[in-house]
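For reference, the chain that follows is the form predicted on its own, supplied as structure tokens.
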């Protein structure tokens, strides 16, 4: 093995370790923010729970707010990337059904993330640009859904999008409040029937 190959392997391992540590910090913060609250969780608590030195957290995130932004942005990046394929072309009944089912799957797969997101969304202290950034990322998806509703004959497609999104949010919050007893799968079927047939 050449010296160059050894150096490349060492750099690759270092990058992997950095990515893993960043992910560990994010996962730990997400867990603590969703169970103990944003204000109730210090960077020290995140570091000790993750089993790393407090100073290490600041190598990845300048502040607790910076860490929170990373958590929310990572989650929305995952959401938008996971459904982008549905919105490349004109949306039809089949892709709308996939979107509804996928939305509920994300809620069930990542409950801590969504508990945190919905709790934050109604907080007056959250910087205005924070939610504005998220809404800007969602605009292309909303526009495609509005096209779909227009094709289905709705008179005010964008208002219908807002009602649809609010319905998804309300169902999600109800499920996250009491996941064992909430009939999320039945409600998913009702929404598919209402919007995709």
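Numbering follows the first chain given and starts at 1. Fair warning: this is a prediction, and the values are worked out from it, not measured in the lab.
Same protein, other form: the form predicted in complex with the DNA, not shown, and the subject of what follows.
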**OP:** Indicate whether residue 154 is a 4.5 Å heavy atom neighbour of the DNA in the predicted complex.
**Re:** no
Do residue 166 and the DNA come within 4.5 Å of each other in the predicted complex, heavy atoms counted? no
At the 4.5 Å heavy atom threshold, is residue 60 in contact with the DNA in the predicted complex?
yes
May I ask you to check whether residue 143 falls inside a 4.5 Å heavy atom distance of the DNA in the predicted complex?
no
*asked:* So, a 4.5 angstroms cut-off on heavy atom distances: do all three of 41, 53 and 64 pass it with respect to the DNA in the predicted complex?
replied: yes
Partner contact check in the predicted complex: of 41-49, 134-142, 168-176, 155-163, the stretch with a heavy atom within 4.5 Å of the DNA is 41-49
